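Only one chain comes next, encoded as structure tokens, the form predicted on its own.
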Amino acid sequence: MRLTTPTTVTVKAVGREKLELPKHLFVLAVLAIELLPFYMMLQISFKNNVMFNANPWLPILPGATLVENFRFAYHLILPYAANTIFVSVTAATANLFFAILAAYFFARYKMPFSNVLWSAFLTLMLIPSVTNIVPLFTLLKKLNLLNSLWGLIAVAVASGQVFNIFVLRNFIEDLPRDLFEAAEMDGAGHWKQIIHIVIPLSGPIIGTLFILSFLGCWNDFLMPLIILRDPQLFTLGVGLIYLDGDYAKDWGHIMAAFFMASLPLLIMFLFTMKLFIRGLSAGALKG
């Protein structure tokens, strides 16, 4: 019988630490690269152009410039942020509402050629969204939805259906059928089955899809640029590009506005991180 001496244990522990060191250094390097843009945005938001040109890389102590830059950013992005929150929340909510109904139908009921219909539906995921811009613009013009937040919401709801239905349909299919049969025996209709069975048991994945839909609407730039014309209706993505002047750029104002525009996303992700991870884990287990 081979005995393990304390010296052997120490050597093995040191060997493992040497193997772990490159991994830790690699992770730290990746984090540094990922956080560099955020660091630059934050420290430049404390400066004016003179300070930025003199020292673009290192931060300075916040002072009067901090107050002036963020006061300007607050008054600038407040109406844009209100429009963006309205569009993102409304579109994400409507997106999930229609996706749950469609996923429930595809998962629970089979009709002739349902597989063909489902396959044809999934082919929409293969079509690049850029190819639909011209016919989409023409359709919105005929429907009088140009230069309207409701037109932007309608586009966001329609474009997010395929992915959400695809994920929810697979999730609902894996739910125990005994629950639906018991609900039907108790006289529960489709709405009650969705409210009392599908939504509670699919809560994590629904929350994850809501977050993804919200982020997609919040970060959308192309469609608001095409649809909106009135500056009072601009979302953040479109409104912030007008900070980029033709002849001069006030980098402190620009970075302060970008920082304040990113705060809602940071706060939302901090409070919903556990739900987001739990939804991804549930989806992986179901798959």
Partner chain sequence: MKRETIFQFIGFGLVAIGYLASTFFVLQRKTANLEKPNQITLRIAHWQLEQGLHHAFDELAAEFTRQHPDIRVEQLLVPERIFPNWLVTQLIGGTAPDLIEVGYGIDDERLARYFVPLSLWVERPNPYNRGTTLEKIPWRDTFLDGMYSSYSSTLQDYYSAGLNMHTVRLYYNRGLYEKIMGLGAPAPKNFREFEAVFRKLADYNRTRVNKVVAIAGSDYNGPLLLDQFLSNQTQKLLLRLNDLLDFTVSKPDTQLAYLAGRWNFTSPEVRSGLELQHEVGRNLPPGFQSLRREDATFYFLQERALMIVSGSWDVRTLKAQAPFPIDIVSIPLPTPENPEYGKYVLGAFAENNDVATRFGITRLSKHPKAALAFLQFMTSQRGNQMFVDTSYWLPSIIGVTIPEPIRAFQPITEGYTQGLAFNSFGADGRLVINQNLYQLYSDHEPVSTFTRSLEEDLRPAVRRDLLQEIKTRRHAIAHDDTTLAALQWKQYRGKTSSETLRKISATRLNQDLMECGAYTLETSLDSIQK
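Here the structure is a predicted model, which is why all the values come from computation and not from measurement. Residue numbers count along the first chain shown, from 1.
This next part talks about the form predicted together with its partner chain, which is not shown.
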Tell me, yes or no, whether Arg71 is in contact with its partner chain in the predicted bound form, where a contact means a heavy atom of each within 4.5 Å.
no
May I ask you to state whether Leu225 is within 4.5 Å of its partner chain in the predicted bound form, using heavy atom distances?
yes
So, Ser202 and its partner chain: in the predicted bound form, are they within 4.5 Å at any heavy atom pair?
no
Would Asn83 count as touching its partner chain in the predicted bound form under a 4.5 Å heavy atom rule?
yes
Asn164, Ala183 and Gly187 - do all three of these have some heavy atom no more than 4.5 Å from its partner chain in the predicted bound form?
no
In the predicted bound form, which residues of 131-151 put a heavy atom within 4.5 Å of its partner chain?
Phe137, Lys141, Leu146, Asn147, Leu149, Trp150
